[in-house]
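Quick heads-up: it's one chain on its own, the form predicted alone, in structure tokens.
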Amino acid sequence: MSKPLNILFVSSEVEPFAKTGGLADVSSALPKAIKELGHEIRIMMPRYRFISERRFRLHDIIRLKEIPIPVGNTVQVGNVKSSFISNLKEKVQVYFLDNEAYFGREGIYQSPSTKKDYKDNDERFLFFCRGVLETLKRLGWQPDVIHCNDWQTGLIPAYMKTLYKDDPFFKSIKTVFTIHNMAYQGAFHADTFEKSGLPRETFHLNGTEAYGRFNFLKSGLVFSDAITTVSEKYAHEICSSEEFGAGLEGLLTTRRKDLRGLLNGIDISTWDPSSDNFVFRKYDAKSVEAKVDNKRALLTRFGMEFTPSRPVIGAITRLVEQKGFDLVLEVLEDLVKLDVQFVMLASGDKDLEARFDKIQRKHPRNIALVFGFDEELAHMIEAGSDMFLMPSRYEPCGLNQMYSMRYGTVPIVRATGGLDDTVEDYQAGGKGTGFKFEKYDAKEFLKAVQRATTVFQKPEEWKKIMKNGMAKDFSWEHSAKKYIGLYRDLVKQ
């Protein structure tokens, strides 16, 4: 039997401590799945002010001022607290790197009041990246692999291959860098490079520099031992064009042999209609007829009329360019004419929010909107909708389409990234798990919705599509085994 591995999983957000999107879900669920397979995995993240010591039972591991961390011409200090995340079987230890000046704020990356990024995000995550390595030394715990996630952790591989390359503690540790979204790169003014402490010779086209800026994401791509991203299709897309590669497609192509697309899973203990305490009535594939009671409960919440034969289309999204809701705005009046009811939970671009709100006021019987985030409502929408919209311009993996299928809610998606990998397009006779469209175009999107609403009026065929989706296994165990295989390959080198 192979020796268990030691893995440090580093992320800027982890559910339930801090979350802005899917990264937090992955950073909680994947480590738990790896731990269940018999490996020692620990997590490290920043300790943001809103992470309650009492609620999460944080306790000190390393006292204040025990870790000096150089940032530019200054030396900042950090201390480390600890807690756990757990499921029914395993506990995973989480370390929190604490510094009041950098992380004692209400937001993660930006001010909740202004919606603008913090001006010192460069220093905050310089501190975090170098602090992770300094913390490991003081803990005396030596992982086989450090698994980094997104730009906020991109300097860790760079530090390990430069400033720490001759340190015996780090000599045999390998790094994996996972891209969750190429659009967010952590690209800062060239002056930031001077604060990093990295050798001057690394700031060039084949190193940490991209288009004249110091690029955290690129640093991770250049210096890591292996690169992963969150679906096979997205791995191909980011190498194939600037649209997906966001200017780094050339670099990704040169590292193609080190790049793997490993599909995210979902937390099937949290997203399970048979045990979900947020839904009005629990159900599974054998009792899928009970789903209609959740549809009634969802519409009742918004004072909307319930008619079994009228489809409810749900959406849970960030209103940003990536997510494709400009297409939804273009066709929303047409959707109303199809006699559908549309329920959306969203937050993001204030202009898009205002435009949606204007149409909702015009059609209150057909459209219900909530701006912000509400965990209970998110589960109610998944359980109570007949269809779920994800018309993304690009989508590295996507999780909601997988949640939807598990809840018997049929996704309507653009054939990009993980959406294309996970959703099988409908074919006559009830084959497939959803409805896809190829071109990023409002008319093509509307055609996909029209196809879905037409099939919805064939109850037996629709039930087959629902059950096809519910039968899919999107658990993390499959993905976790692939990651463990990758870790083992690296450790053998």
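Owing to the predicted nature of the structure, the values given are computational and were not obtained by experimental measurement. Each residue number is its position in the shown sequence, starting from 1.
The next section is about a form of this same protein that is not shown, the form predicted together with adenosine-5'-diphosphate.
Between the options 403, 214, 177, 151, the residue in contact with adenosine-5'-diphosphate in the predicted bound form by a heavy atom within 4.5 angstroms is 403. This chain is drawn without adenosine-5'-diphosphate; in the predicted bound form, the residue among 331, 288, 136, 378 with a heavy atom within 4.5 Å of it is 378. adenosine-5'-diphosphate is not shown here, and in the predicted bound form it never comes within 4.5 Å of any heavy atom of residue 208. Although the partner is absent from this view, residue 22 contacts adenosine-5'-diphosphate in the predicted bound form, with a non-hydrogen atom inside 4.5 angstroms. Using a 4.5 angstroms threshold between heavy atoms, residue 373 counts as touching adenosine-5'-diphosphate in the predicted bound form. Taking non-hydrogen atoms only, residue 295 never approaches adenosine-5'-diphosphate to within 4.5 angstroms in the predicted bound form. Figure note: of the listed segments 340-348, 218-226, 233-241, 78-86, the one touching adenosine-5'-diphosphate in the predicted bound form, with heavy atoms no more than 4.5 Å away, is 340-348.
Contacts of stretch 352-366 with adenosine-5'-diphosphate in the predicted bound form, defined by any heavy atom lying within 4.5 Å, are made by none of its residues.
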